[in-house]
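Next up is one chain by itself, shown in structure tokens, the form predicted alone.
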Amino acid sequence: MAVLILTKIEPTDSWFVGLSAELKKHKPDLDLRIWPECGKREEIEIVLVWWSPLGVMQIFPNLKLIISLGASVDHILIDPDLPNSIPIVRLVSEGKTLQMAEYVTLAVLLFQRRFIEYQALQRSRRWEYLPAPDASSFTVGILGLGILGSMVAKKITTLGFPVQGWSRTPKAIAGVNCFYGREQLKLFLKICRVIVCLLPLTPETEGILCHETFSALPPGTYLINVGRGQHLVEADLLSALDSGQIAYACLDVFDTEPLPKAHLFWSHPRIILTPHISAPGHPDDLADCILDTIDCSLSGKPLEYAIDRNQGY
């Protein structure tokens, strides 16, 4: 049995080098290969995938398991030639969820304590006090209450922020006011001071961060997108920023990655931009998760975080 890391990213990328080293460290006899050096195709039984070339997975006749190297699987499901019967598992680890909670919490605090505005004052050499709202009046809304969204919501409540969440189906999370379904989306939006997108990317959620959504928010709301770039209608965000409907935005994901150098987001004074680094995971932590998933697959045990292809997550 061979395991293949299947990605369009260069194999010399430091993150993949670190992951490969940890996998070999944890399991020295693992037959690990990195695309495009896959060897005999019939020996590949498991693929570890992050934005793979389209149409490749069908060439492995004995493929038994697909593991996403991210918490989402939209980058896998877009492949029109994806084998239908192969289980797909999301990679979720304690380290990744903690990193996401840290990132979102930091962004919320930067907005609530007005650090972005203080940076502008610093550049202008202006000594000025900006009153900050109390955490208790700064409601944080989480779009998406899966594993990551639920963890983020719980962490933010510990800092005294009111937290509410919205999801496709009903959820119950202690300390979180939960909404669900399209009919409750505007009820959810109308009292948010910050919205955080942690939704999976599906046909139903694509473009959800749009003019209609922004218009339902109180003026001056803050946006944090750590879901997918395709959740956001970029032109609508720029318009909402110009009008003040959205005060500031923190974006970690984009429709095109890497973000083109000529893109308006780079220089926009009301956008904080990071290069998809909110929750990459620690290679040693991920190696444990990957090897545990492989062991479950080989022994016929249930696969934790296996996705429903019909739902897209």
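Sequential numbering from 1, following the sequence displayed. This structure is a prediction, so every number in the text was calculated from the model and none was measured.
Same protein, other form: the form predicted together with a small molecule, not shown, and the subject of what follows.
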If we test each of Arg270, His282, His276, Arg33 for a heavy atom within 4.5 Å of the small molecule in the predicted bound form, the one that passes is His276
Heavy atom within 4.5 Å of the small molecule in the predicted bound form: which of Gln112, Thr139, Ser72, Thr105 fits that? Just give me the one.
Ser72
Hey, with the small molecule in the predicted bound form, do Arg90, Leu198 and Thr205 all fall inside the 4.5 Å heavy atom range?
yes
Using a 4.5 angstroms cut-off on non-hydrogen atoms, would Glu45 count as touching the small molecule in the predicted bound form?
no
Closest heavy atom of Lys171 to the small molecule in the predicted bound form, within 4.5 Å or not?
yes
Contact flag, Thr213 vs the small molecule in the predicted bound form, heavy atom cut 4.5 Å:
no
Check Ala247 for me: does it contact the small molecule in the predicted bound form (non-hydrogen atoms, 4.5 angstroms)?
no
Quick one: find which of 128-136, 213-221, 147-155, 79-87 has residues within 4.5 Å of the small molecule in the predicted bound form by heavy atom distance.
147-155
